[in-house]
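We begin with a single chain expressed as structure tokens, specifically the form predicted alone.
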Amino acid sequence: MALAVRGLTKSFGSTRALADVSFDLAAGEALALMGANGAGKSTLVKILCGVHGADTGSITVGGTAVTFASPGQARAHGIVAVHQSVADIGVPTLSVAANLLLDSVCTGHAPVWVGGRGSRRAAAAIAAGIGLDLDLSRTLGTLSLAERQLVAIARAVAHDPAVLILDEPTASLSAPEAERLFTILDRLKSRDVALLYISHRTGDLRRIADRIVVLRDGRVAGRFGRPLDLGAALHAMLGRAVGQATPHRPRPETAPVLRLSRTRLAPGATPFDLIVHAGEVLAVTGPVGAGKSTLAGALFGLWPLAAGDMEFAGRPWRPRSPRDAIRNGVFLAGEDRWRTTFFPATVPFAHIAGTISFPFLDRWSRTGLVARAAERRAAAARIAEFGIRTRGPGDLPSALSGGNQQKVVLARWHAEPARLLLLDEPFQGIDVGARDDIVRAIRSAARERATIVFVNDLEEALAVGDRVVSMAEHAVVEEAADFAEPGTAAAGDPHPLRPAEAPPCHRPPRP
């Protein structure tokens, strides 16, 4: 048996994070670990990786009882993890090559001169091990979220682990990148590497999992083998049946909030037109690299369009900066919460209340000083609105589970009324129950604004959008669905989206 866990219990003060958790993981097996946000998955992984010690219970690796006082000791026994948070992936200011060799450098097993030819060859060999095709001289911080995730996976595989733990590894990957990852994992399984795979994506579980263990409230709530009963696993995870999709409203009879005309996001890209109405939730989907984040950034003032015109609230829209956008009621919740939302723990306002108030300091401050009582009241209201599991507004986001961190991101941009709300991958790394909570929160305030949600996953787009459009090669290429039953569209209803230099796209059948 590659890994045997028996009776693990862990408490933080009066909070019981794990209670009598036991499971086995065989060599060459992929065990999926499911659980809602706050179920104890992160605590379990941190115990297995030597970050925390268990209060009671035992861990056996390869038949030997072990205890870990540090992640280095866990790695020495063959347990390696790829964490969901990009804050744990590496050193942003170092090159890709240096990050791939970082563990060897820290343990004294790499050459003193990391930039030497031998080190470059060693880094290239690590990258080739998973088919990572990147310029190894690039700085890690300049890479996309998906590229950094692949670097982290390559770095983990370089340890030749006996047990590899992957926490939401496909959350930032396109379909081809995810399939490349699964091919790598199949190869590792054939070499008797045991996989502990944490994901909420049912497609991932069908593709890679041999068995499923479900955690709920820190306890094992279910065990499932082949053939996998994912419906029963989700029921065990949530303690209830998975809810039906939120009913969608007809397209509102309102004036456009946003109008794009002959817009080009990049030189040479196909121009397109797009209209978004007040009270509408538009979901924009497409693979990683399709241009979704580029469109969001242009609307938010991060960079200009390559060509074309934008109108916002009936006037030309060329935001000079994000501050200009925020002052005009255009808000963007970025894809990477650690880059775009959260502050280092050493910053005085790194807590939840400070995170939420930061974009609105001009309105929430008096003579340069923030009104702390008002800040905490506003944060407490958002915590209740989004159901964030925390002790209060003074907690650091880093102390929360991934799903609750994502709720803080959404809460920040609901602290003030928006006229146009842009949400880039708002469901990244969260479970089905948390996704339902966020969908309800997004839609409950949608009547007061136009909302655009950018997601890779079509299922997520269908769950949140009144209308879904897809992007490819930095252009909007088609409308996927308008959420009306066939034959119910009003005669003469104008098509809301059409490539500017192409005939209307045909809509595929509704899934």
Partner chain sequence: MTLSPRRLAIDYGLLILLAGLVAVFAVAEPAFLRVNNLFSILQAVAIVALLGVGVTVTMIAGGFDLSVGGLAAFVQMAAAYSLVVLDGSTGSAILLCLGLGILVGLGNAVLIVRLGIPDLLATLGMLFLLAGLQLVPTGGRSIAPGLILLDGSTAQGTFTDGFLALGRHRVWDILPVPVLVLAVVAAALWLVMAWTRFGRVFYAIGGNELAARLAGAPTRLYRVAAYVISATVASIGGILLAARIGRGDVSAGNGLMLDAVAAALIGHAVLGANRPNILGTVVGAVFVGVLLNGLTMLNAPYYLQDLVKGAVLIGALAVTYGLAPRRA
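Residue numbers count along the first chain shown, from 1. Computed from a prediction, not measured in an experiment: that's the story for all the values here.
Below, we turn to the form predicted in complex with the partner chain, even though it does not appear here.
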N99, Q149, S401, S357 - the one with a heavy atom within 4.5 Å of the partner chain in the predicted complex: S357
Which pick from L94, L361, A269, A380 sits with a heavy atom within 4.5 Å of the partner chain in the predicted complex? L361
Thinking of the partner chain in the predicted complex, which stretch from 278 to 286, 204 to 212, 135 to 143, 299 to 307 has heavy atoms inside 4.5 Å of it? 299 to 307
Check whether R412 has any heavy atom within 4.5 Å of a heavy atom of the partner chain in the predicted complex, and answer yes or no. yes
Residue-level question: is A128 within 4.5 Å of the partner chain in the predicted complex, judged on heavy atoms? no
Is there a non-hydrogen atom of V82 within 4.5 angstroms of a non-hydrogen atom of the partner chain in the predicted complex? no
Is P227 a contact residue for the partner chain in the predicted complex, using a 4.5 Å heavy atom cut-off? no
Contacts with the partner chain in the predicted complex - residues in 135 to 169 whose heavy atoms fall within 4.5 Å: none
